[in-house]
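In the form predicted on its own, a lone chain appears below as structure tokens.
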């Protein structure tokens, strides 16, 4: 029996082999190569020298890295809860078979198809203190214009707001897809029992879309830890590093300072953060189910 299963499994493995080769070449090998590179002192011109964990020790003594790490964590905290709540609220409000709901779904999703370059050009024209749309509006009503992109206290929240606007479409559509899988008969039965909207949401809707909620949260955490285009194009990580995230720090370290080994070590720290962020929502779901 086992031998017959093994004989039947080999053709299936051959069908999967091209994918496995490409996956290993593009993802697994670069990951392992990056881990090895992080243990070396190397630059763009080669000449790597093994130094063990010295790069990792340097990282936690590097004030610039610690600032970038804090910026990335704060950026995720500012973006992900707002994205999840807004996307879920819009999905609940627009889960209707009307023309207005269809138009609003298209309007919200439209921002997600813009490239990061186009999106940042639009928002620079809105947020710029000299000639920006918001500055014109503030002057028109007699208020001072706020330096959204040049104030250390406003730069990172401004990037978070821009990112929420840009990223809202996909999580909303994922929630809509999950909501449309819930049988309508369940809601009809709840209406016959005169259940309140909050009771319906808490007892029916939320348990039914929990897998989608976990997926969206994990995906957005991993995505927002990798933010690069918005700070690079809108603030260049400034002022004074107040909006520099980890990916921009890695880019500047590797390609501006040519310290490839050190940048690889920072990349491994980012990879560890993304892994943790991806698993925390799943762990929270399991603990909630047990409770």
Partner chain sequence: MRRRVFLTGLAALSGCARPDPRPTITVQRIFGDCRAHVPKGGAPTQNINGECEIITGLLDRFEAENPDIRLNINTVAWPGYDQLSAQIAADDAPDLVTMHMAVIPDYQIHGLLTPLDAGLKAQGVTPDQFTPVARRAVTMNGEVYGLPFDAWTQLFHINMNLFAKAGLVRGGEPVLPRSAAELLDQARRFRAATSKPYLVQSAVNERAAYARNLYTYLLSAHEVIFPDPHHIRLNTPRAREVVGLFKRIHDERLTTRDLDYVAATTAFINGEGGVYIVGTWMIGNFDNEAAQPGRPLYRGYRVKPYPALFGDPVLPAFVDGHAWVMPKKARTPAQERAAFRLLKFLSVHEGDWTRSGHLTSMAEVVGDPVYQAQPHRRDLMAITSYGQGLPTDVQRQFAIQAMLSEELAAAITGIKPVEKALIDAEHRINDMLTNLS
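Worth saying up front: this structure is predicted, and the values here are computed from it rather than measured. Numbering follows the first chain given and starts at 1.
Beyond the structure shown, there is the form predicted in complex with the partner chain, which is absent from this document and is the topic of what follows.
For the partner chain in the predicted bound form, the listed stretch (69-77, 211-219, 191-199, 125-133) containing residues with heavy atoms inside 4.5 Å is 125-133. Though the partner chain is absent from this view, in the predicted bound form it lies within 4.5 Å of a heavy atom of just one residue from 250, 223, 42, 39, which is 42. In the predicted bound form, the partner chain sits within 4.5 Å of a heavy atom belonging to residue 255.
At least one heavy atom of residue 150 is located within 4.5 Å of the partner chain in the predicted bound form. Under a 4.5 angstroms non-hydrogen atom cutoff, the partner chain in the predicted bound form lacks residue 246 among its neighbouring residues.
Contact check for residue 47: a non-hydrogen atom falls within 4.5 Å of the partner chain in the predicted bound form.
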